[in-house]
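Below, in structure tokens: the form predicted alone, a single chain.
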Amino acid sequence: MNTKKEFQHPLIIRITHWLNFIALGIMVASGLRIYNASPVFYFKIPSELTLGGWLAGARQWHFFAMWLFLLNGVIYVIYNVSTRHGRHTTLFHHSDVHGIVPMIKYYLRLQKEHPPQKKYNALQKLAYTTVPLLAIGAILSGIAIYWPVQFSFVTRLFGNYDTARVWHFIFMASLVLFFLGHLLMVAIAGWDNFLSIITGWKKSSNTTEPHV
């Protein structure tokens, strides 16, 4: 079977992808240190998994990463909404609904043959469209926690200060679950797929449906 290389990821997608990876890692690790100062639930996180050393240090790391995550996310969303690459290959459409179940079966090894797809499959597009919404929820709930007086109307959106903390934990946990699922999908797809988000290029068989 002949193979060739096809261009997969524009430079702006590669840059925002890795900046999101760095920002999310810092936010999670520093956020866990902040969580330990006043746990929402009946458990604490081992200090080895946290960042910041103490509460004030963790807050500084957390807000540095938050601004990076926010600005980077805005660039990512604007690019995908305003360009053909985003509208046709990244964002989820109603026509992608029928592709969800076949992809789930394939990933669960209930179906051996890979379902037809273009650049991204239905599950990928659903994830890439949903993650910005989770990120918005995490940022708004973080604002409700950090500025409960100045932005009291945002805090009220989540019920009150205490419930805003719970929602913030849920949003961040959802982003972490997405990240872990993303790593699993990358591992299943193979090494060449991983390299494509660095170089932009990926080997492709000429028997598969062309990427767009």
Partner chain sequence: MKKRSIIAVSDSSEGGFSLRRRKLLKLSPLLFLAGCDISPSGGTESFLKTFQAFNDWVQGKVFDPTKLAPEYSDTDLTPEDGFRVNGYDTDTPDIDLAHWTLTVEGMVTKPGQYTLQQIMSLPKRVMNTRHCCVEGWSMIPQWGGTPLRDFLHLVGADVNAKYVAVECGDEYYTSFDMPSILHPQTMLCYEAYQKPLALEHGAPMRIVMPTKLGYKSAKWVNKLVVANDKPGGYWEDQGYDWFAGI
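In this text the structure is predicted, and so the values were computed from the model without any measurement. Numbering follows the first chain given and starts at 1.
Only in words, not in the display: the form predicted together with its partner chain, which the text now covers.
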Considering only heavy atoms, tell me if G53 and its partner chain come within 4.5 Å of each other in the predicted bound form.
-> yes
Though only this chain appears here, would P148 touch its partner chain in the predicted bound form if you measure heavy atom gaps against 4.5 Å?
-> yes
Quick one: does L195 come within 4.5 Å of its partner chain in the predicted bound form, counting heavy atoms only?
-> no
Any chance W61 has a heavy atom within 4.5 Å of its partner chain in the predicted bound form?
-> yes
Check all three, F21, I26 and Y161, heavy atom within 4.5 Å of its partner chain in the predicted bound form | yes
What residues in 71 to 100 sit within 4.5 Å of its partner chain in the predicted bound form, counting heavy atoms only?
-> none
